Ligand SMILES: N[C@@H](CCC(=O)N[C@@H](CS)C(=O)NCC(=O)O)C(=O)O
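Next up is one chain by itself, shown in structure tokens, the form predicted on its own.
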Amino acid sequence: MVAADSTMRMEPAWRVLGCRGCGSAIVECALVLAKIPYEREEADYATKEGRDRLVQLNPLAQVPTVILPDGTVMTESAALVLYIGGVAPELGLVPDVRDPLRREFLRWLMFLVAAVYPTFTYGDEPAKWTHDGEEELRRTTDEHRKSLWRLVEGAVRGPWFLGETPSALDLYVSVMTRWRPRREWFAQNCPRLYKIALAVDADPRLAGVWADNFPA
């Protein structure tokens, strides 16, 4: 459980069903930065126990699956990030609707979840989608992902994704660059994304999230 300190919003805790090393870490980061107390429940969808628990709330058995204080269930990291941005607009995780950067934010947020994420959906479990050519599906989705990341690299304004102001896109970069093709590849091929990832990693406020999700 993430403990609430004196600076956190005094409200009932959210409950985040997450899986170590997965995209649920993005939502956990957003909650920490927004000072929203939450309880973390490990729900590994690769196990029967974890999958059964997730299916009770989310028929896709995916993480993050979040139970809000009023009992409402939310899924999909992009939806949750946008919602958290509305709860804590002063944080700037999501640019204001009147900010021209909002257009770039929305474009690349949707690109990450609609274009990059599916390469893991199919590439991580190729046997789920094909009974022939599993290795080829893994290989081609990995290669396609690299081409997508190069497109994302070209959109980075630096030093953060949107320029001088950090946003939730930087949280996505930090978490997703930990996955295939891994940080070493980003250091060589997408140095701007690599620098963003390291900068987010170093934020002391997020140390607990990294410990829970990416233990050494």
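None of these values were measured; they are calculated from a predicted model. All residue numbers refer to positions in the sequence shown, first residue = 1.
The discussion below concerns the form predicted in complex with the named molecule, not included here.
The partner is absent here, but in the predicted complex a heavy atom of 113, alone among 82, 113, 91, 106, sits within 4.5 Å of the named molecule. The contact with the named molecule in the predicted complex, taken as any heavy atom within 4.5 Å, belongs to 45 out of 149, 38, 160, 45. Heavy atoms within 4.5 Å of the named molecule in the predicted complex are found in exactly one of 161 to 169, 184 to 192, 59 to 67, 28 to 36, that being 59 to 67.
Using a 4.5 Å cutoff between non-hydrogen atoms, residue 76 counts as a contact of the named molecule in the predicted complex.
Within 4.5 Å of any heavy atom of the named molecule in the predicted complex lies no heavy atom of residue 130. When contacts are judged by a 4.5 Å heavy atom cut-off, residue 22 counts as touching the named molecule in the predicted complex. Under a 4.5 angstroms non-hydrogen atom cutoff, the named molecule in the predicted complex lacks residue 72 among its neighbouring residues. Residues of 167 to 193 placing a heavy atom within 4.5 Å of the named molecule in the predicted complex: 179 alone.
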